[in-house]
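Listed next as structure tokens is one chain, alone, in the form predicted alone.
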């Protein structure tokens, strides 16, 4: 089975991005979803030098002579996966391409995703073939504090060239994944250890402010940014009591918390509304066992109805091929009540806002990055295909049919 999966992936991985001969490319769509207003029928997006130069109806946007014109039934902003581990969890599932967790200690906030990300891993290109141009990726939910996350484009060049935000969040797990032989054994111990570390970071930040010559502690230095509300905690939790614990910690230390997975979040909707807390619901097709026993494919729809902000993810996948496709997960959520427009917003505009990259990504507006996904039909219909992808003005093919 594993050999078959690897062979299949090897066959469908798209080619590396190829620069067009000129610095300008035009994309014409039967419907263009800009996410900055109503969709445009028979629209055109003009990308010049990697940035969007014009957006509008084909009749109103002048395309210079000789410019490459791509055509598709539906055009959207490049999709954003709001949480993944791709690039740290490689396709081959062998030790040399699995850098998503280090089990030497229960708490290692100093571990940087940028130091592990493999830009040329086949799974990065695989996701790009489905219109996913940006991923929020990093350390997995397999330790109390497993490390950092980052925001990166799926170009497949190098992490230095492709990174958008080198430090996005600090990954915390208040569930089964955060407990084990090297970590806490119970829920209260998990929360106590997290609180203790945040208290140390608070005291460390005060010392550093008073005396800048105080020796740097890499782990506490990162958590000091959490205390300053510059960096959120990405807390993976599914059970209601774990979610409540995360909200208590957030309130006690006045830190930003993003809830990841959150299978039982629908039982806490008033609390989430009051906390104004972002949620990244578990992938719709996640196996509902263990902590996810009470999970539901309707969670995004329930969050939407309650006014709780959310974005969609592929998440951490422990089985080969070590990643899900967030477009497919969104399609299943649409099949379980989430309106298609809300699903697309969760994959673009809302994900960009959550990740703090809205100035560059998430919508097709003049001045933003030239990231687009091209489809031959409804993106959430399983018979549709991604027929082309543009990342920073560079054109690559969609996933082979």
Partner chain sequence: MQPRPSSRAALAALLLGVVATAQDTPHAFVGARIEPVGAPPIARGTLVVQGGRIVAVGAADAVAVPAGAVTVDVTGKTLIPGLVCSHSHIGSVAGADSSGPIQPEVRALDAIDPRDPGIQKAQAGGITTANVMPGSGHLLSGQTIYLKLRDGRTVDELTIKNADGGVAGGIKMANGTNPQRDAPFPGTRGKAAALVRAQLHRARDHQKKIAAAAGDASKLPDRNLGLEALVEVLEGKRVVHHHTHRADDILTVLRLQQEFGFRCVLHHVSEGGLVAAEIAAAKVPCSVIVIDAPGGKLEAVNLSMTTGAVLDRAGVLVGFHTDDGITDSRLFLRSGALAVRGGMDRDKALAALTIANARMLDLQDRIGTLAVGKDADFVVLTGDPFAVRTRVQQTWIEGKKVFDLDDPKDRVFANGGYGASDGQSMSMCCFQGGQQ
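Nothing here was measured: the structure is a model prediction, and the numbers come from that model. Positions refer to the first chain, counted from 1.
As for the form predicted in complex with the partner chain, it is not shown, yet the points below apply to it.
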| item | value |
| --- | --- |
| Partner-facing stretch of 331-339, 360-368, 59-67, 347-355, counted where any non-hydrogen atom is within 4.5 angstroms of the partner chain in the predicted complex | 331-339 |
| Position in contact with the partner chain when the complex is considered in the predicted complex, options 119, 164, 227, 297, heavy atoms within 4.5 Å | 297 |
| 145, 327, 174, 152 - the one with a heavy atom within 4.5 Å of the partner chain in the predicted complex | 327 |
| The partner chain contact at residue 386 in the predicted complex, heavy atom, 4.5 Å | yes |
| 4.5 Å heavy atom contact, residue 140 and the partner chain in the predicted complex | no |
| Residue 92: touches the partner chain in the predicted complex, heavy atom cutoff 4.5 angstroms | yes |
| Proximity of residue 289 to the partner chain in the predicted complex, heavy atoms at 4.5 Å | yes |
| Sequence-ordered residues of 308-329 touching the partner chain in the predicted complex, heavy atom within 4.5 Å | 318, 319, 320, 321, 322, 323, 325, 327, 328, 329 |
